[in-house]
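To begin, one chain is listed below as structure tokens, in the form predicted on its own.
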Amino acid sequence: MQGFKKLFTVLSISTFIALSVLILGPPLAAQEPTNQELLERIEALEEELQYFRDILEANTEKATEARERAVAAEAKAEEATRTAESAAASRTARPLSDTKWHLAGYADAGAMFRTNGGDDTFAFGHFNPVFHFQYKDIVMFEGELEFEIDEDGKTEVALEYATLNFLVHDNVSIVVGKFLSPIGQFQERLHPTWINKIGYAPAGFGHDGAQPSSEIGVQVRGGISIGKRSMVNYAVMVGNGPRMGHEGGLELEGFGRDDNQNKAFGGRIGFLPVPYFEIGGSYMKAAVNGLEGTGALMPTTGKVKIWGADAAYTRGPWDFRFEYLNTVRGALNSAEEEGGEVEALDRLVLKAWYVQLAYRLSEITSSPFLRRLEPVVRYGKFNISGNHHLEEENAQTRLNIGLNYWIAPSLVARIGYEQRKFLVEGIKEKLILLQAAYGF
């Protein structure tokens, strides 16, 4: 605005001088300027007039550019609005899929070295993919396959579990199919090798042990909050139940057909007074038929009862666990092997327990390497009475001392020492165990 005011002043003075000359005539001779002076004054005025013209043009160009930028910004805003409205309309017209799926699982590999004689061996271990498919909040399918390489190099495939989970309420799910046994804690919660702090099952908690591994049937499970911090979880199941195993033992696995009229009933209840501490109790009752065979005796049916208790404290770097199971099969007539001679088998009692403590060093050091270390110790015992063959082969105490290095939250490398003492003959086995396990 100052430029325009100055230009207006100059033009006004110039006009006034020109009018004065025309009206009044030339000034007195003493004051009359020469032609050269008049030309110089006119040129100076023209230069100043051109200067202000340049300023006016520059301001006009800047204003034009600003208007153009404003128009372009407005066009972009309108385009963004149209895009957002189109996307919203598309979402309304085509809702997200009602189905979801997820792939998880784990794999491990390792080596076993015997310090007091025997064969050292490398082992691939397991590859266990786990599949999840869910439809809305109504039903979810869950299944786990296990791929394992046996001693002869052949690949064995097993179905660990496969269930349909009907989500009927926030506190209730109905599970049908083949599911991991809710009796105790280890099989259902800890058996994946990347979760298991030692990497191998405690004595009596693997196959041919005191704990059922799976069941085929129906299960109702859920949890109920008590106050702000406490909670009760529960699982109640009915299934086909166990069968007689070789050498008079029990096969506590899920079978696709019930071979008697007696179903297995049982479950577990857990109480968490605080979120990081849980105590639980388990119970199951079933029956098994004696195996068919030769001889004068006919197979009979024996009752099976299992009860147990467990506890877990998992706060911060601490991980403490305890578990006890007592499995009893009543006396019955059966062949020890299918087709063998039927004989009277005594009452069989299997008792298994372990206590385990692990501590992550992340709370006591700032070293990036040491913070990833986790020492762990586990001691357990598996007692068998009523069957000499099984007692001689499997009754033992087992001590494990290990060190885990957590490369990532679900990737661990571990080294461990294991000592097994067989109770019948007093033989000791000492092993060095190496393993890498990955949960994905």
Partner chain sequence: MKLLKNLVLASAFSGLIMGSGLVLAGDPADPSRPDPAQIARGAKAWADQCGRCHNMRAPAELNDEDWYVSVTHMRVRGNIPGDMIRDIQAFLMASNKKE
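Residue numbers count along the first chain shown, from 1. These figures come from a predicted structure and were not determined experimentally.
Absent from the display: the form predicted in complex with the partner chain. The rest refers to it.
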The single option of D137, E363, E338, D150 touching the partner chain in the model of the complex, heavy atom within 4.5 Å:
D137
Contact residue in the model of the complex, from T300, N326, T115, N171 (heavy atom within 4.5 Å of the partner chain)
N171
Judged by heavy atoms and a 4.5 Å cut-off, are I195, T314 and G439 together in contact with the partner chain in the model of the complex?
yes
In terms of non-hydrogen atoms within 4.5 angstroms, which of the given stretches 199-207, 269-277, 339-347, 241-249 touches the partner chain in the model of the complex?
269-277
Using the partner position in the model of the complex, report whether K351 sits within 4.5 Å of the partner chain, counting heavy atoms only.
no
Can you tell me whether L145 touches the partner chain? I mean in the model of the complex, with a 4.5 angstroms heavy atom cut-off.
no
Does the partner chain get within 4.5 angstroms of any non-hydrogen atom of F265 in the model of the complex?
yes
In the model of the complex, I224 touching the partner chain (heavy atom, 4.5 Å):
yes
Taking heavy atoms and a 4.5 Å limit, what residues of 210-237 are near the partner chain in the model of the complex?
V220, R221, G222, G223, I224, S225, R229, M231, N233, Y234, V236
